[in-house]
Each structure stands twice: as structure tokens, then as C-alpha cells.
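Take a look at this one chain, the form predicted on its own, written out in C-alpha cells.
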């Protein structure tokens, strides 16, 4: 009898002689299943995992990268500590950045207000109520320069959460660097620039899908040749998860988006995948289900490596490495008993680290109620630092690797993810899937099912449907100074009044001509317009005139 048969015989004996008699006396207190609907057994053994270590796990830094994309992982370099921050005017946010850097933050992450994200200047009638409210107002390059005042952008990586106006924001950052004598080739950071997920979950889009895809992929093509250290896109599953997607849907739709962007760059610009794939990056959520999240991250690396090699013919190792940022779940934060959120985000951050993230943001405990205070954001940063410097979880690479449960969970997430990707392929790709509303409907259905289970008590949330307290939380909340809005409005008007009118008109005219055609890359013309002190509203206004604005179909 072989070893597998011996284990199977012993396992059956254990179930018969030990487990079942125990469960007759003490039944399980709830149903155990993954959040994506697969039953979880009481115990996992070698019978549940693939017996092929080299092809499914391998070693860190080697294909298929299941155990990590770098040979030494956190033993050589920790992940980047980020806290997503932005509010009011650039002066306000600059002070917060300097505070976070003084407390040990190692990378910046910029949150923009809604007018900036939607291409509206702060004095636009639709923008006024939202200026500086959920992020910082950056309508023109002068504001971008103030945002990074006395911060050495040659030495720190900066992540910009910006999509429909990503080109304008990157152009401002480049222009600020040039004004300081910094070559744009040394700039290191990321713009989110993931417009497909806006159509699916976040809804901060401007232009129709095909024009939006041109906008996004033109940026990728430009940066691959001119900004070698820059990540021109952060393909984001985070927002799918926050909108109600399961872990499998989050991963599947993110990878389907990656496939779509890669196809577009190859087809539009006739580029080889190895010419640009190393710049692609990703962004995922971490929820409180520790093992499911760790397995998701491991499955993501393995799937991406295989897709890039087998589907696109990538030859370079860097083209197959999935580099990703993780943010703890905002949707998991509760307004009830907000201090309990510290425990939730600690577990979520631990999942990101055990899953091998390259960058991490931990939400502050008060963010279900308001933007974080200086006190709460410092505590969120300390969560990362305690995990890094005190917990010991970084001492060994992929420490959960080899766990029968983790390996089974990694395999099952991979299998279920591929079912969705195959279906998207049959629909004709992710742009087509978005146009007919497939991912939108799938996420909405998952969100409904999750909320129903919460309301029925099948999913427990402390303070919401368990261990509730009637008293209102009594904590300090952050308030944005209303003076910040007037400061932003005054500055954008001064920029319009003091710029070289002829250079501005010439740049805007050339941008309009390029957008009206199809063959030229639109990014250099956006960059020239920003150099001529065009505002974000003016650049976006030109593209709105030429490309139109998107109106989504009804999907319910």
C-alpha cells in the first residue's frame, strides 16, 4: 500500500472513530464555508493538495512566483508603508505628508477630491460643494508643486489614486520635477489609471469605454519608453471587493482587466509584452478572513505568471511578476464601536504581509465616520510597523506555504477564478463584458447575497449584529477647513490670469487635433498643455468636447 492509500485509510478511520462521534455530542455551531461559497472541511491533509511542488509552488523569485516575487522577500526589503491621504488644499495635505514621513511612512499615497478626479476645476458650479472634501484639490500644476513642497520626489515613491484624469496628474508631477531640475526618468511611483474598474464599480469615469481605453493605454505606452521606473497603471480589484465582490470575483475581474489592457497596448502600439509588462502593477483589498486573503494573493501571483507566459508569450521574468499594493477593507469598517476596527485592520494587514504584498495601506479606525485624524492615521501606520518589527511573521518567506489548508484554498481560488476569466473570454473580453454589464451584475448579486447573510446573522459583524451597544461613539473626528476651498479657487484663477496666453492656446489646439485623430499618442499633448499651465478642467473639457461623456446602461 502506497503512502497516499495509507493516509486515506487513516483519515477515514479518524472520521469514523473520532470526528463523527464527537460531532454527535457537540455539533458544529455554524456552517463553515468560504465567502465565495465552497464548503470547508474540518481538516486538510496531503490528500487535498497537488503533489507537484515545483510546478505549483516552486521557490520565491522563480516562476510561478506562488511563494513570492523576490528571492529574499522581506528579509532584504520590507514592503512600502503607505497611508492614503489627502484633504482640503495642497498646503493642508503637504503638512499631513510631512507628519507621516516623520512617523516612519516610506511612500506617499495621494487621495484626490471628486472635482479633480472628474476633471472639474474648483470654481466649476458642479465642483464647489466637493472641493477638498474627500481628497486634496489639485486642479493645476502650481497646486501639485505645493503638495510636494520640501519633499524630495527623487527619493520617495508616490502613488496617485487617479483614473479618468490620470494623464493630467502625471503630467503635473512631471512638470513639477522638471521645474526642480529632476529628470522624469528617475521618478518612481504609480498612477492608478484603471478605467475599466471605474465602469464596473467606482463610477468615476468621464469618456466612453473605447476612448477611455485609448487614454489609459496611451499613458502605458508613453511611460514604458520615457519613465522606466514608473508604474503607469495599478489594475485594481480593491474597488470590486468594496462594492461587494467575492475574493474570486475580485481576482478574476482584475486579471481579466489586465488581459484587456495588455491586448490593447499590444494591438494599438504593436509592442512586445516584454517591452511594457514590467510596469504593470496591481491593487487588492484585504478583508478580515485571514486565510482566504492569503490564499487569494498567492493564487493571484501564480495565475498572473501563467497568463503572461502562456497567453502573451512573455520571456522576461519581470514581465511575469505580479507586484501589488494592498489596502485594508474600508467596507469592513464599522461606525459602531469604531475602536474595534483597529483589530480588524490588524488582521487584514497581517493577511497582506503573509500574502507577500509589495506595498500596504492600513485604514484608520475612524474612517467609517470621517477622514482620519492625525492621531488615528498614526495608529494605523503603527499597525504596519508592529507587524514588520515585532511580530516575527517576516522572518521566513511565505511562512504559511505548505499548510494543507492554505494550499487547498490557493488551488480552489485559482480554479474558480479561471472559470470566470474563461467566461469573460467567451464574451469577447472585458471591454465587451463591461458594455453589456456582466461584471456589474455579478458584483451586485454578490453584494446582495452578502448583505442578506449579515441581516440573517449567517455572517457575524461585532457591534452590528453581535455584541451591539446602544451608545453613540464618542471620538474626535477630522474636519476639513472650509477656507481650503477658497484657497484652491483663488489659486486656479490666478494661474489662468498669469500664464502665457499664446502658449496655452497653442497647446490646447494641438491637444484637440490629436484627440480628434486616432493614430497619435495623446499623452505628450496633455503634458504640453499642462506645461503651458492648462488646468485639469480645461484639458478634460477638450477631451469631453471631442470624445463625449459616457452614460451607463441600466443593469438591474
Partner chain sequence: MPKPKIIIAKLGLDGHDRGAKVIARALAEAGFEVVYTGIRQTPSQVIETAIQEDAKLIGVSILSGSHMELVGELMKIMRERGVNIPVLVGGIIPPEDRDALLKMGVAAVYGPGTPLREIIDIVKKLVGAS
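Numbering follows the first chain given and starts at 1. All values derive from a computational prediction rather than experimental measurement.
Omitted here: the form predicted together with its partner chain. The next part is about that form.
Its partner chain is not shown here, but in the predicted complex it comes within 4.5 Å of a heavy atom of residue 451. Residue contact check for residue 349: none of its heavy atoms lie within 4.5 Å of its partner chain in the predicted complex. Interface residue remark: residue 411 is not counted as part of the site for its partner chain in the predicted complex, having no heavy atom within 4.5 Å. Contact check for residue 224: every heavy atom lies farther than 4.5 Å from its partner chain in the predicted complex.
Only one of 138 to 146, 208 to 216, 335 to 343, 179 to 187 lies within 4.5 Å of its partner chain in the predicted complex by heavy atoms, and it is 335 to 343. The candidate spot formed by 115, 118 and 445 lies fully in contact with its partner chain in the predicted complex, as each residue has a heavy atom within 4.5 Å of it.
Note on the partner interface in the predicted complex: the residue among 483, 393, 126, 462 having a heavy atom within 4.5 angstroms of its partner chain is 126. Contact annotation: of the candidates 172, 248, 299, 201, the single residue with a non-hydrogen atom within 4.5 angstroms of its partner chain in the predicted complex is 201. Residues of 350 to 370 lying near its partner chain in the predicted complex, listed in sequence order, are 367, 368, 369, 370, the criterion being any heavy atom within 4.5 Å.
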